[in-house]
Ligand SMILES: Nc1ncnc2c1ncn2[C@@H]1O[C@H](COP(=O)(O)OP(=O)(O)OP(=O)(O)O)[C@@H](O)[C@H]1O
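In structure tokens, one chain follows: the form predicted on its own.
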Amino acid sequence: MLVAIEGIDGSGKSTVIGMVADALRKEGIGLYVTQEPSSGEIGQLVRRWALQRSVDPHVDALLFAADRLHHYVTEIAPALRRGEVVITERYLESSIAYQGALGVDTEWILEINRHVPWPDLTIVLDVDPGEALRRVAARGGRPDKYEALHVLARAREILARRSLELGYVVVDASREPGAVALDVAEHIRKKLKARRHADA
């Protein structure tokens, strides 16, 4: 089962995923936890270049799509074949939200990502962009080009709209991380249970 945890920068994805993974592993659930941009060569290029420099957002979308396909083939698909639950921090909806926020057409983003499958479960961590930016600033370091209020606000709008259209789970991420992680873990358990019943 492939689970994508989505949300704007500062929504707490990394922290929550760490807590969720700890809880599910203690229950004996085999997990593979990963993220995008990936740790592979294309992902490193994305981190060094696409996240920092101002280029055409269509170029960014192509780079993210290339990294996603490589990530899926080399990491996600093998873990799924091993029977593990894969939790990825960011996946398709991040491209739609962020490159979409900069004017790239959603249908084109979907087309260039058509060789990777949809997640079995998409969970969106929702937080106000102002609060998200405060969290980003508290982390320190140099913000990337997407960590601007107008970009985060538009990306949040896109995630909210698509969540309504496609039935994604939306979790209030303005709360403390432990409470958010409890909700996320429960949604994953429910999906796993439903899949086991369907396979029985």
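We number the residues from 1 along the sequence you see. The structure presented is a predicted model; accordingly, all values stated were derived computationally and were not measured.
There is another form of the same protein, the form predicted together with this ligand; it is not shown, and what comes next is about it.
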| property | result |
| --- | --- |
| Candidate stretches 72 to 80, 114 to 122, 100 to 108, 87 to 95, one within 4.5 Å of this ligand in the model of the complex by heavy atom | 87 to 95 |
| Residue contact check: E157 to this ligand in the model of the complex, 4.5 Å heavy atom | no |
| Distance check, R139 to this ligand in the model of the complex, heavy atom within 4.5 Å | yes |
| E176 within 4.5 Å of this ligand in the model of the complex, heavy atoms | yes |
| Proximity of R135 to this ligand in the model of the complex, heavy atoms at 4.5 Å | yes |
| Any residue of 4 to 18 that, in the model of the complex, places a heavy atom within 4.5 Å of this ligand | I8, D9, G10, S11, G12, K13, S14, T15 |
